[in-house]
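Below you'll find only one chain, the form predicted on its own, shown as structure tokens.
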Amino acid sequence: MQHDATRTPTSLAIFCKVVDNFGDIGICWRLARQLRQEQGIAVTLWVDDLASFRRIWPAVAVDAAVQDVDGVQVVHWRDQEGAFVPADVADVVIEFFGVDIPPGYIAAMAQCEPRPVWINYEGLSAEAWVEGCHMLPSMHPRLKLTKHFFFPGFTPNTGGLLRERDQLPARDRFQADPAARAGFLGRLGVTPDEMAATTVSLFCYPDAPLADLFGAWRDGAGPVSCLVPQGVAGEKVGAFLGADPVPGAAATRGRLTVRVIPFLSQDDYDRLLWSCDVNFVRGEDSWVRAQWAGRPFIWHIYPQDQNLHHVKLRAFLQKYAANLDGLIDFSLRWNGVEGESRADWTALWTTLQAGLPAITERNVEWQTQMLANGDLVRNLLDFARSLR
């Protein structure tokens, strides 16, 4: 698609309602920052949950109706009320995961000349049907407006993956500098002995079979250091610790040390992924960041009714891990696909560990494939230009 500067949007609005605690706002904030910082577009981010937003970006004020955060205008989206005029409407309007934009804003969109580009930014999936739905139009039933679906994805026929321009160079510099890793982990309270162990970051949903995995690590052949951000699987982590899972809390049982660290900003969370030997991630945002981190990872997928998330999980594993049986088996059990109550977690972990070099090698191939698809923000803007 040819770049045409005269058709490039100068303003963009993103409407985000936080459902998955941090995943939704994490994606929207990365998208907003990249559009503003790399493309110079004026971005307004409408968010209903500023408290969750602040946990991943401490500069956010939870009591502000409107604020500037790193050059992005952030609006606290309190309700569906409000009257708007065409001047309030951005050149590109993005509804994240099909949220309902305030009716008054949509009415103002219909009054604009030319009409804004209206995009429904959908969830990331490796399922085959995504390619057929990417960029499809949907006419408004009453107004002269057309919405288009935009799917991130893993093939050239999708929108690609979110990735900042300097992300991979920054990762490579960090991972080539042992002192940078030691300094970062040291600031989180991690001891030198813990850094020397197999270091694991843990970000999962509460239903993860954590007690069984902790037991396998505790009784395993080699030391494991597990770093858990505050608030993640708090009940199960607290049961292992025998104490409140607050930052700084740590306990060693057998070969396993579990340490609670502060909930990190997005930039520091990237450094955590870069620092660990294995990363357990959840939802969508941390899942994508783990793919760019270049370390082996286990994905805990957001649960859906009727286990529809298992279909999505299998579709990804088929693309990413086709010849990595240990990773597939562990991932399926971790997500309850095969019934984790029957799982031998010691055997699953031992097999996964033995396969870590092959998984790391696969990561290199995977990133090359993903880079060939282009970065999502450029693909999104090229699509928006084509509609203007």
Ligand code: TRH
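Because the structure is a prediction, the values reported are computed rather than measured. Residue numbers here begin at 1 and follow the sequence given.
Keep in mind that the form predicted together with this ligand is missing from the display, and what follows is about it.
Not one of Ala32, Gly153 and Arg378 places a heavy atom within 4.5 Å of this ligand in the predicted complex. Residues within 4.5 angstroms of this ligand in the predicted complex, judged by any non-hydrogen atom, belong to 277-285 and to none of the other stretches in 86-94, 139-147, 290-298, 277-285. For the options Pro116, Pro229, Gly160, Pro245, the one in contact with this ligand in the predicted complex, meaning a heavy atom within 4.5 Å, is Pro229.
A heavy atom within 4.5 Å of this ligand in the predicted complex is found for one listed residue only; from Asn120, Gln73, Gln175, Ser265, this is Ser265. Among residues of the shown chain, Val19 is one whose heavy atoms approach this ligand to within 4.5 Å in the predicted complex. Using a 4.5 angstroms limit between non-hydrogen atoms, Tyr269 touches this ligand in the predicted complex. Contact between Ile56 and this ligand in the predicted complex is found at the 4.5 Å heavy atom cutoff. Contact between Tyr105 and this ligand in the predicted complex is not found at the 4.5 Å heavy atom cutoff. Residues of 183-217 that come within 4.5 Å of this ligand in the predicted complex, judged by any heavy atom, are Phe203, Tyr205 in sequence order.
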